[in-house]
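Before any questions on how it binds or moves, here is one chain, the form predicted on its own, in structure tokens.
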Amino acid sequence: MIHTDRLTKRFGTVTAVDGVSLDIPEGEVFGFLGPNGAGKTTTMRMLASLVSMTSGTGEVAGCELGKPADELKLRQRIGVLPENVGLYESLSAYENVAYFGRLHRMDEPTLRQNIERLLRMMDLWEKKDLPTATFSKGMKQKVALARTLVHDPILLFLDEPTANLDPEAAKTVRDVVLDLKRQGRTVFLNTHHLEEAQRICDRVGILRTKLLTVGSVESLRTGASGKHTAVRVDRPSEQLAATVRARLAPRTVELSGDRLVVGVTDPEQENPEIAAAVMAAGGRILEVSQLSQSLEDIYLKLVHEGGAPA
């Protein structure tokens, strides 16, 4: 659905996006993470053919980026929700969505059907005739999302769709994204909310001008420092750790507070052996658990230390 090779954007002497290569298959919810100024929005705008690329190549929804003949075709296949929703506030919710549906040259019966379905989904049907100037930020975001979806795009670009929303409105937006996923749509999601990315994204990419890493949340969490089993014991000591270390070699065994932390490859297979080694060394086990870095830990490490570009 999305393929880029060394996609780059420069504004004068400033490189906003540096050599980003991505492959995003059809039906995937892909989360793009990074600090302010990392190039997330610029990348999204290049993929949606809203700004030109400086160098590199890309194909989105079967259309070649930078090819004038493909630009209109791409517009018909994608939906874009910018961070600033930009509604016509003197118009009603219904009129806002209808206006953009007509720009896509939708036939009126389909347009009316889609508007009603989407506004009901957003719990806005009863307010459809009110001017959006009277709406809260969350309600405006829902109207903008309906506008983005009205022409049934196969690929969605969503830029910070839950930013500054109350929990209920944010949940509605997340539910819509998950419903799109069930329908087999592809979603490219810029977000600062790491928990949100962890909940709804199949894979995430972390950007700081360069693409630092790409993978599923689980693969990033376990791949960053490997898997570890933590055994909490009654009377921890360096002597106990040394005895367990000798029994479990060549695995690493470290004492951390009241826990022995053991490096593992397959916890399900190895944990019984680890527990047996601790008990044989005279340790009294209180708890066995798995350790892995959070997505926040990985994100902060890569963004602040740079990491190895993907």
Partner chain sequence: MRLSQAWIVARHDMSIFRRRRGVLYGLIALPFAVGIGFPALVGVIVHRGTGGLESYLPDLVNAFSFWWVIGAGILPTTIAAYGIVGEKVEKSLEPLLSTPTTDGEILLGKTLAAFLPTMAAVWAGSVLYQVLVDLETRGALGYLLYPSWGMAVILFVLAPLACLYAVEFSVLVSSRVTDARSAQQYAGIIFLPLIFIYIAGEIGTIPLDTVNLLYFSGALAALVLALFYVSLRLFRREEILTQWK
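Residue numbers count along the first chain shown, from 1. The shown structure was predicted, so the numbers you read here are calculated from the model rather than taken from an experiment.
Note that the form predicted together with its partner chain isn't included here; everything after this is about it.
Within this chain, residue 95 lines the site of its partner chain in the model of the complex, having a heavy atom no more than 4.5 Å away.
Contact check for residue 86: a heavy atom falls within 4.5 Å of its partner chain in the model of the complex. Its partner chain in the model of the complex comes within 4.5 Å of a heavy atom belonging to residue 105. Within this chain, residue 50 lines the site of its partner chain in the model of the complex, having a heavy atom no more than 4.5 Å away.
For the options 200, 180, 139, 80, the residue carrying a heavy atom within 4.5 angstroms of its partner chain in the model of the complex is 80. For the candidate set 230, 154, 91, 163, a heavy atom within 4.5 Å of its partner chain in the model of the complex is found for exactly one residue, namely 91. The stretch among 234 to 242, 72 to 80, 118 to 126, 170 to 178 whose residues place heavy atoms within 4.5 Å of its partner chain in the model of the complex is 72 to 80.
Along 1 to 27, residues 9, 11 each place a heavy atom within 4.5 Å of its partner chain in the model of the complex.
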